[in-house]
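The chain that follows stands alone, in the form predicted alone, written as structure tokens.
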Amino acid sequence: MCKAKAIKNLKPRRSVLYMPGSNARALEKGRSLPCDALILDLEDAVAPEQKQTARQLVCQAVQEGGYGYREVVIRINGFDTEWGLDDLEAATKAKPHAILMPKVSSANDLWKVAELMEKQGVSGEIDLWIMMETPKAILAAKEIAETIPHLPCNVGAIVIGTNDLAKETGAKLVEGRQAFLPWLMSCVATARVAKIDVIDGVYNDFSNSEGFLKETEQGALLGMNGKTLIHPKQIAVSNDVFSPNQEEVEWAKKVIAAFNAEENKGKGALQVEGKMVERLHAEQGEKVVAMAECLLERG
């Protein structure tokens, strides 16, 4: 966690890279990649016959550590599979930063995993991340958002599963993601109501750098905190798009300074360099400055 005091529990999640749990070399490589977070995957990236081996490799890698500032997240299999409960038990013993629950479709799903984490005594140590990747999840967005603050564990982020949404709905994942925009914004709204982060879905054609840049910029425009990635070559672009630039940081500092000035203490709106700004812009600016300071600390 960064030292910036303005924003509580600030954790950059600009680039969140999936790593197949069955690939020991990939798990090792993750220790040196410049991404903000790693999802060590026991679910979609692992064939059924490799599930148990992947669980052992991932838990061993987490226990060995060496991932530095990177958040380490284990994505377990769903509880409707033969591996889900064993995955959760093993993951809680390994002590990653978070456990990612796939296929969350209702508040009941959240309560089940949160209560199991509480029984295992890790609800105060390990965050829960949740995937919204089913039509049921989209329809239950309000219920999910209102439930998150009441769970016995901390929920760190929503991860959007666009590939599964495409599979379940038949909608086409094409450039611009027109069919997905209502669902993407539903996930953003869910995260904002719950006061947690929201991470955009993956871009499958990792050889198409122009397409990836456009979709990453779209995610930032929609209000995402970062993007899930499937290849290390996507990290630099994602980090750049979701980082505040120097111009944004300088403007944020000017707005904050203006509202902190003694003569403006009680004002809700004022002019800064000919532009009308409100106190909410100062609050947004504090987040921008805190993120910039956090990234600067990493060097």
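Model, not experiment: these values are computed from the prediction. Residue positions are given as counts along the sequence shown, with the first one as 1.
The protein also exists as the form predicted in complex with coenzyme A; that form is not presented, and the subsequent description refers to it.
Trainee: Let me know the one among L270, V249, L33, A257 whose heavy atoms come within 4.5 Å of coenzyme A in the model of the complex, would you?
Mentor: Of the listed residues, the single hit is L33.
Trainee: Should V202 be counted as a contact of coenzyme A in the model of the complex, where contact means heavy atoms within 4.5 Å?
Mentor: Answer yes; at least one heavy atom of V202 falls within 4.5 Å of coenzyme A in the model of the complex.
Trainee: At 4.5 Å between heavy atoms, is A45 in contact with coenzyme A in the model of the complex?
Mentor: So A45 counts as contacting coenzyme A.
Trainee: Contact with coenzyme A in the model of the complex for M19, defined as at least one heavy atom pair within 4.5 Å: yes or no?
Mentor: Close contact exists here: in the model of the complex, M19 approaches coenzyme A to within 4.5 Å, heavy atoms only.
Trainee: In the model of the complex, is there a heavy atom of coenzyme A that lies within 4.5 Å of any heavy atom of R75, even though the partner is absent here?
Mentor: Because a heavy atom of R75 falls inside 4.5 Å of coenzyme A in the model of the complex, the answer is yes.
Trainee: Of these, 258-266, 240-248, 51-59, 226-234, which stretch puts a heavy atom within 4.5 angstroms of coenzyme A in the model of the complex?
Mentor: Contact criterion met by 226-234 only.
Trainee: Taking coenzyme A in the model of the complex, which residues of 204-224 have any heavy atom within 4.5 Å of it?
Mentor: If the 4.5 Å heavy-atom criterion is applied to coenzyme A in the model of the complex, 204-224 yields only F206.
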